[in-house]
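What follows is a single chain, given as structure tokens, in the form predicted alone.
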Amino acid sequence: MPRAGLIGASVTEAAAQVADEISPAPLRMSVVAERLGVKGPSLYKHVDGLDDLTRRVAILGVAELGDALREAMQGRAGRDALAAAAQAIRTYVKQHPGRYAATIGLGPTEGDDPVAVELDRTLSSFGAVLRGYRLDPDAEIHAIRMLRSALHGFATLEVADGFQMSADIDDSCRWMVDFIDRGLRAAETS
């Protein structure tokens, strides 16, 4: 019988906290069980193993990131929305490196998979950044991919202490945002 008070959502939340604390080390069921004060096998009453638990953490991460993006960008357009999105991603990755790492390569397995729902919500936030620019609709997918790649790359390198040069990282982020903004404006249709 499952432990009283222990449900799939609480297991997922505990796993997400553990993932953030131990990142970049991989998540382990035994560590999550210890955090919850149960034996490892008890978790299998709530999740279908490590892959399922990691996927649940990833879904949580995608949902939280989408919420952070929407909140940061609300009422903004163009460069302001772009800067807000960049800062939201940087902040989220710093605060939740394990959750964010779990989202990398995440894809839906079937039509009603919660991954598809959350990825669509998050991708729509990137689309919202682009609404401040008059891009040809055929170019939007390329712009979304470029934007995700640049912001993801910057945030993950920053968290991994990958910027060893002396220049201020915030200045570099502003420079990147300005550069992307200029590129998107140059790509606008007349």
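Bear in mind that the values here come from a model prediction, so they are computed numbers and not experimental data. A residue's number is simply how far along the shown sequence it sits, counting from 1.
From this point on, the text means the form predicted together with a further copy of the same chain, which you will not see here.
- Query: Looking in the model of the complex, any heavy atom of Val18 within 4.5 Å of a further copy of the same chain?
  - Reply: No, no contact at 4.5 Å.
- Is the gap between Leu36 and a further copy of the same chain in the model of the complex 4.5 Å or less for some heavy atom pair? So Leu36 does not count as contacting a further copy of the same chain.
- Message: Is Leu119 part of the interface with a further copy of the same chain in the model of the complex - any heavy atom within 4.5 Å?
- Response: Because a heavy atom of Leu119 falls inside 4.5 Å of a further copy of the same chain in the model of the complex, the answer is yes.
- Query: So, in the model of the complex, is Val47 in contact with a further copy of the same chain at a 4.5 angstroms heavy atom limit?
  - Reply: Result no; Val47 lies far from a further copy of the same chain in the model of the complex.
- Does every residue of His142, Ala150 and Ala167 put a non-hydrogen atom within 4.5 angstroms of a further copy of the same chain in the model of the complex? Verified in the model of the complex; spot residues all in contact, yes.
- Could you tell me which of 53-61, 36-44, 66-74, 159-167 sits within 4.5 Å of a further copy of the same chain in the model of the complex, going by non-hydrogen atoms? Heavy-atom contact with the partner occurs in 159-167.
- Task: Could you run down 167-182 and flag each residue that has a heavy atom within 4.5 Å of a further copy of the same chain in the model of the complex?
- Result: Residues within 4.5 Å: Ala167, Asp168, Ile169, Asp171, Ser172, Trp175, Met176, Phe179, Ile180.
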